[in-house]
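Next up: a single chain in structure tokens, the form predicted alone.
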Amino acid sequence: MVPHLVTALNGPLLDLEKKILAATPAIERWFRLEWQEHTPPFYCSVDLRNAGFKLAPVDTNLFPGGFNNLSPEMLPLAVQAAMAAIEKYCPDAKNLLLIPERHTRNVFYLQNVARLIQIFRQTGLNVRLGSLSEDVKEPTNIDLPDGSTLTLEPLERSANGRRLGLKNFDPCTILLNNDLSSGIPKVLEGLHEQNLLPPLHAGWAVRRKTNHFAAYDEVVKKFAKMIDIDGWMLNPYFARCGEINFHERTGEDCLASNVDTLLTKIRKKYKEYGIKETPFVIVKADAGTYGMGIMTVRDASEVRDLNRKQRNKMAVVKEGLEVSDVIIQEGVHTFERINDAVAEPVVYMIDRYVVGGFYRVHAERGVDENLNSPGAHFVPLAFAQQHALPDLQAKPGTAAPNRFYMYGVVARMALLAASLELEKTDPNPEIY
């Protein structure tokens, strides 16, 4: 099932689809050359929003936790991409240590871990799970709904302190599927003899969304010039406010003035393209994930009049971390629907390859709200016809494979931005 666009792709995006399809050879060559200069993150997922007049990434996750949502037909692609990724770091790799999130009760997340194990085993690796939780003192089994079992084991540092593994298990590569929201654990520091992927500075203890979108700005400028489009169609405006304390109401002026400036810029663009929608911005924590600490704002006055409940909601994110820096991001409506429920595409990549995607569907949310939130109607839906090649003969806006190719192009631009971002924020830049 392919979601239908409620407002069929209108002028600007139809033109964009046409230009992207026509420029496919140039685009693919450009990516190929960029990947000779930059190393892609080991894996990545990108949340996109399709407004009919604009298609843009709104979040880039370097510790993707939804591999279980990809359709089984796409798994061979994931295995091939994983082989390419592993060969880059450890060509003779035999053992892979996978370190998952600490919240072991979330069944959906655990199914994601099981899927990752399945993918990496198929690449020829022995995969075992090491837990950062201090409660795991011996191998602990967790039963999954499909009858399979995951075994979490306590981590062990080697006698010389330079390697990390498990009892009788010495891995060449350590794969983190834990976004380090609660800080960098000591046990992961100073590993000089193994590949730790993604690197520690990709975690939310260090990473900031504004750094990512600044890098994305650079990528879009190059891309827009190459295929002769207005980069705004692929790029959400953003601004940053530091020194915010929602409980004590400090930093409200910075927030309100940035919201106002951004809304003015968006209104100007809407006027230029004759767009009738109401502009909005999303205010969210500059670090962190899980759809926490997020609000939709349509007028600057709204951030001055937050009630206690709203302030409490914005003040902390995952692991109870205080929010002090926020990103104010241009809101992109999502006009894709499945059975009247709002949907947004999420594209998954391993190394530089798109390995599939799915729709995040939320029946209780509006077109201008964050869909990455708890809700009974959160439905992952694997992209249909995603393995078909683009159809150059199809009328713009009508062929699902063309839409997904466009999603893959924009997602890979965000992937390239993540690569630049990690280079710029690396505490040991000499390895690049």
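The first residue of the shown sequence is 1; numbering continues from there. Please read these numbers as outputs of a predicted model, since none were measured by experiment.
Keep in mind that the form predicted together with a further copy of the same chain is not shown, yet the notes after this line are about it.
- Of the candidate stretches 122 to 130, 228 to 236, 256 to 264, 323 to 331, only 122 to 130 has residues with heavy atoms within 4.5 Å of a further copy of the same chain in the predicted complex.
- Mapping the unseen interface onto this chain, Asp305 falls outside it, with no heavy atom inside 4.5 Å of a further copy of the same chain in the predicted complex.
- For Ala93, a non-hydrogen atom is located within 4.5 Å of a further copy of the same chain in the predicted complex, even though that partner is not displayed.
- a further copy of the same chain is not shown here, but in the predicted complex it comes within 4.5 Å of a heavy atom of Ala81.
- Taking non-hydrogen atoms only, Asp146 never approaches a further copy of the same chain to within 4.5 angstroms in the predicted complex.
- For the options Leu97, Val113, Val342, Ile86, the one in contact with a further copy of the same chain in the predicted complex, meaning a heavy atom within 4.5 Å, is Ile86.
- Only one of Thr151, Thr296, Ser158, Gln118 lies close to a further copy of the same chain in the predicted complex, with a heavy atom inside 4.5 Å, and it is Gln118.
- The candidate spot formed by Arg32, Glu73 and Pro390 lies fully in contact with a further copy of the same chain in the predicted complex, as each residue has a heavy atom within 4.5 Å of it.
- Residues of 13 to 30 placing a heavy atom within 4.5 Å of a further copy of the same chain in the predicted complex, in sequence order: Thr24, Pro25, Glu28, Arg29.
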